[in-house]
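The chain below stands alone and is given in structure tokens; this is the form predicted on its own.
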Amino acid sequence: MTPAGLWSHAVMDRREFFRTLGGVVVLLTAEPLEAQQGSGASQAAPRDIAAWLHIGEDNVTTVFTGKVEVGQDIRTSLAQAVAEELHAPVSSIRLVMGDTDRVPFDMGTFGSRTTPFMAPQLRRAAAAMRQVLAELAAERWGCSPEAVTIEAGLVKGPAGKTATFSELTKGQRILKEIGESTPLARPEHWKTLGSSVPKANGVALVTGRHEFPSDIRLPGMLYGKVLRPPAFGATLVSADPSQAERIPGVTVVREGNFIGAAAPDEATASQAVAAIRAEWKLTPQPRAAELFDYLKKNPAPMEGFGGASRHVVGDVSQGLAAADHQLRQSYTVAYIAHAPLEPRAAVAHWENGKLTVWTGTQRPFGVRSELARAFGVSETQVRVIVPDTGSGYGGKHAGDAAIEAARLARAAGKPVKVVWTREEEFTWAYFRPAGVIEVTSGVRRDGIVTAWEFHNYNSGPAAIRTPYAIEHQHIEFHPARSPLRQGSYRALAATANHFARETHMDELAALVGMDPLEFRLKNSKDPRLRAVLAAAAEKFGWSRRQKASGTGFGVAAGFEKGGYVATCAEVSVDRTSGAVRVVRVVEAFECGAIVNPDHLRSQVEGCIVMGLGGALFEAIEFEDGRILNPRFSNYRVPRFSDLPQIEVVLLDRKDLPPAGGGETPIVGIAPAVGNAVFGAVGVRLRALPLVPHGLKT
């Protein structure tokens, strides 16, 4: 019996199978590789090399991962990870990402998990594959595996013998388990990791050859549009599609509250939707003006947050009694939009009962489950493919456009593309949660914080714990019923919690007349936090800063997702006009051993620029269930003219495992700017955005 036959018919489990065969097994099978990957609903990470890597006859190593590329450049960093352990050129590594029929199950691309979790998984698979190549070469040349070396993608043996990877594997699948303790290269010995390898598909992106989800086209494809309700929570009472159905080539679909049209071109689809006469029943909705009271008065169940929602150490009442000064303040954070470069887009195609969807999402397997539930089919009958996507920022977890396209495609009997307009993106996508944060604290005259009570309403528990050494703490997150649809955003609630915490720390420093940097260092025992504060302050010239009229300096620091950040900001305030300009930002960031310095620097800079919007002016305005500023003409995002001088200091800790760098660097900019405004004009700003219409002094 061949190994393939044994695999197909034996009743033993996978581990027993490997133990029985032992050694290196090249699986000779005619079954397509993709058919053996993402099928089924198992969430356990596969242990066999073939699930993650395949060396083709062209000597290209194909890597399979459920992670997706949304601009954070993990296509490059993961290729580096494999190349490092395989001892191969990065150019010989090709990634298949986010295709549920071809890659192992993955929860999604979020939470800065790719670098600390997926990269080590692929490194272990590559290291195991390298061992297999050495064993295959040793068998061919009649020597020990220890006599075989691999360098730059070439396998070398005694007496000058050489072989390429594909000459040894012959393009077949390698059937061997990845060892529990497969050794990996230490950061101090890295050759590929730790270097600024150029972007993997950079040429295709800058020349326009790359196809984003909104670029996908299939033969015979139609274009879809959806009739949107006039307000959130509206129910469709009746609809008359007769005029739309008279338009040549139009298919109108109604399922419950969903009603849309598919047509040969986008303009005709829009015309058809506009021709549908619909009656909606509206429900009362809160207004933006009453948002923060609403959040405090409308609690929601704690489901899904677990123990992260509450942290108590010591007794806050004792800490307050030991303080020379007490301070109680409230801070608020507005809803903001993700404003991705590419709005939601999907192309859906039904064929022989199977649904295939090309879409931009951070959770391909999650969207596969959504589609299966929506249409009452097995997940094995749904395939989700995610082309490299025009950004997500945490805003593309759900399959809204995918489900809409699939509904229309099923009714029309042809592939259908749905691309949201910018106004739809601003209105019907979910927002970063708004929140209210109340802080009560106590501090001694010498600057030691003795008590810390911190309550977050609605915005979330991410990074809610203080990094400062405070003896008495009570920290708690309180979920609330949100009047708007809300969800993940870059760094989750870490931005809100850092804004409140670092602003409050600045207020305490002012209360005792202490320098804000000195105050933070006095209350910190964490060497990593102290290191980024020192690095940022040194580069910024904190001790040498010169006070001038209308000029202020601010500092903020914190940690999240395994990374530490400190931000120093200089602002200029025009008291006459109220204009606030961020002049200079210095940010120090440490996330363990650095994988790709240039790309990490780009991530930090991108976080700072994005964070400026939420810090200064981004806010969703709403009333009666309607978004009042659903387009870029009245939703302010950072412009080139808003950008300060940005300097990034990267601390490379080769003694620590790499952590993600796409989220944590955003959290320091808002409090640093707010603290700098206080330094400039003595006005304390406790709400994000800080100056949506200029500073009122």
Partner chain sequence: MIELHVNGKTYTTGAPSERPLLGVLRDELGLTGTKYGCGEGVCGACTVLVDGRAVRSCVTPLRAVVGRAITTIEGLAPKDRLHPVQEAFLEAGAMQCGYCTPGMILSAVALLSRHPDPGIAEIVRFMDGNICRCGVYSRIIAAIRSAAAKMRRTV
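Since this is a predicted model, take the numbers as computed values, not measurements. Numbering follows the first chain given and starts at 1.
The same protein has a further form, the form predicted in complex with the partner chain, not shown here; the description that follows concerns it.
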The one residue among Pro301, Gly513, Gly208, Gly142 placing a heavy atom within 4.5 Å of the partner chain in the predicted bound form is Gly208
Option touching the partner chain, based on a heavy atom within 4.5 Å in the predicted bound form, out of Glu538, Glu471, Asp215, Asp526: Asp215
Stretch in contact, per heavy atom within 4.5 angstroms of the partner chain in the predicted bound form, of 479-487, 217-225, 553-561, 325-333: 217-225
Does the partner chain come within 4.5 Å of a heavy atom in each of Ala398, Glu438 and Arg686 in the predicted bound form? no
Does any part of Gly447 reach within 4.5 Å of the partner chain in the predicted bound form? Heavy atoms only, please. no
Would you please decide whether Lys522 lies within 4.5 angstroms of the partner chain in the predicted bound form, comparing each non-hydrogen atom pair? no
Do Pro343 and the partner chain share at least one heavy atom pair within 4.5 Å in the predicted bound form? yes
Would Glu266 show up as a contact with the partner chain in the predicted bound form if we use heavy atoms at 4.5 Å? yes
Heavy atom contacts to the partner chain in the predicted bound form at 4.5 Å, residues of 594-611 in sequence order: Asp598, Arg601, Ser602, Gln603, Glu605, Gly606, Val609, Met610
